[in-house]
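Okay, here we've got a single chain as structure tokens, the form predicted alone, with questions on binding and movement later.
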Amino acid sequence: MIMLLYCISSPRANAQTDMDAITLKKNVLCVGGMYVNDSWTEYWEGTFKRNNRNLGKVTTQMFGIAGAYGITDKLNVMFSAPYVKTKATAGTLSGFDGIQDLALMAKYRAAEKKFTNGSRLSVFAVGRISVPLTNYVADYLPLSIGMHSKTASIRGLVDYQVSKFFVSASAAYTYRSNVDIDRESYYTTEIHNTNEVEMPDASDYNIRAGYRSKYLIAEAIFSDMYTLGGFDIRKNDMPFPSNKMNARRIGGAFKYTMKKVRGLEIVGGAMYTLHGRNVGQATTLNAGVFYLMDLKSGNRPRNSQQQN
């Protein structure tokens, strides 16, 4: 599975992503690089879990740049652009590599309520669009570097923090455009005499809880992603872009702000697929380094966490 990048302000660090309750202060820029390694040997062919000796271990590596900027204390914009490389350890299939999709996001803290016990409830709205940056091949799963579909999503997020402990929950709906493949006909559950593939939309929800302080964020994560349509991989067949793809995952993430090097943040995390449908049972590891600067003053902020 190809994973989205983070930009510190979130657990995906205190760097910042579309699934965290962190915002940068006005005029603060956060930019950095991420590395993601995603690998699996077993996968679900529909609901049947199996391996494939013609694939062996499938690995996807992602090297990306990401950034976030505080337009106001309440409104942030973010971007990410990854270079992706895939490979399989067995069989004759060759992997691909190339620049994947540009993602642009906007996060708005729509409401906030502070209580007498010092706790805080915040509500966010997040919009996201993505477009392919290159003409990469989509119809070569599981070794394609992406789906080559344009997407648009809206996410609602609620965060509750008391002292230095928090819990967040979010849910999103994602529209995915149709894609063109390099053949004039194909079979799903019926024959299609066209090169256009109708892509099912997708949805997901995400729950995270943990510790959030000035220098450290550490959290546990549960996520569930599923497509709203699609069909199962046929027995002993290759995956197809419009397959139903569901994945339930658990993991954790952290972000540490360096005390001696002001403006420098280190992030990392791991996720594991508990259950899925037409996806690999993947282990995903990520790490990144981000740097913050106040563009108005030229100073380096102590950290990216916005104390709302």
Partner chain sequence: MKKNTTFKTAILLVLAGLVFWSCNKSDIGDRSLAYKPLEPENQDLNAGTWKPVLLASADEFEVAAPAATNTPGYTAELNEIKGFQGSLSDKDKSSIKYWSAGAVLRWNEILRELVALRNIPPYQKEDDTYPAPSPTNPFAYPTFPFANPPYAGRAYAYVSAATYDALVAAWHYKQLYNRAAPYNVDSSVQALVPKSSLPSYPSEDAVVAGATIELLKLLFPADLAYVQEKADEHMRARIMSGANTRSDIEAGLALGKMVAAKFVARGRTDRAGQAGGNPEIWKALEDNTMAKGEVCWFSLETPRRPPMLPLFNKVKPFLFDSLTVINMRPPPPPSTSSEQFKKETEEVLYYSSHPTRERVKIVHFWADGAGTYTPAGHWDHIAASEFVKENYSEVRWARNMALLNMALCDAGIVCWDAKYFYFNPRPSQSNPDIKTLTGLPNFPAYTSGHSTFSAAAATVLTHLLPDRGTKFDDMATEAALSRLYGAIHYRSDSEAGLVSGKAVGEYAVQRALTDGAN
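Predicted model only: the values in this text are computed from it and were never measured. Positions refer to the first chain, counted from 1.
Only in words, not in the display: the form predicted in complex with its partner chain, which the text now covers.
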Practice prompt. May I ask you to choose, among 158, 216, 133, 93, the residue with a heavy atom within 4.5 Å of its partner chain in the predicted bound form?
Written response: 93
Discussion item. In the predicted bound form, does residue 232 come within 4.5 Å of its partner chain, counting heavy atoms only?
Written reply: no
Discussion item. So, residue 185 and its partner chain: in the predicted bound form, are they within 4.5 Å at any heavy atom pair?
Written reply: yes
Worksheet item: According to a 4.5 angstroms non-hydrogen atom cut-off, is residue 260 in contact with its partner chain in the predicted bound form?
Response: no
Discussion item. Since only the chain is shown here, I'm wondering whether residue 203 would be in contact with its partner chain in the predicted bound form (any heavy atom pair within 4.5 Å).
Written reply: no
Worksheet item: Thinking of its partner chain in the predicted bound form, which stretch from 277 to 285, 50 to 58, 31 to 39, 250 to 258 has heavy atoms inside 4.5 Å of it?
Response: 50 to 58
Worksheet entry | Non-hydrogen atom within 4.5 angstroms of its partner chain in the predicted bound form for each of 75, 125 and 176 | yes
Discussion item. With the partner left out here, which residues of 141 to 164 have a non-hydrogen atom within 4.5 Å of its partner chain in the predicted bound form?
Written reply: 152, 154
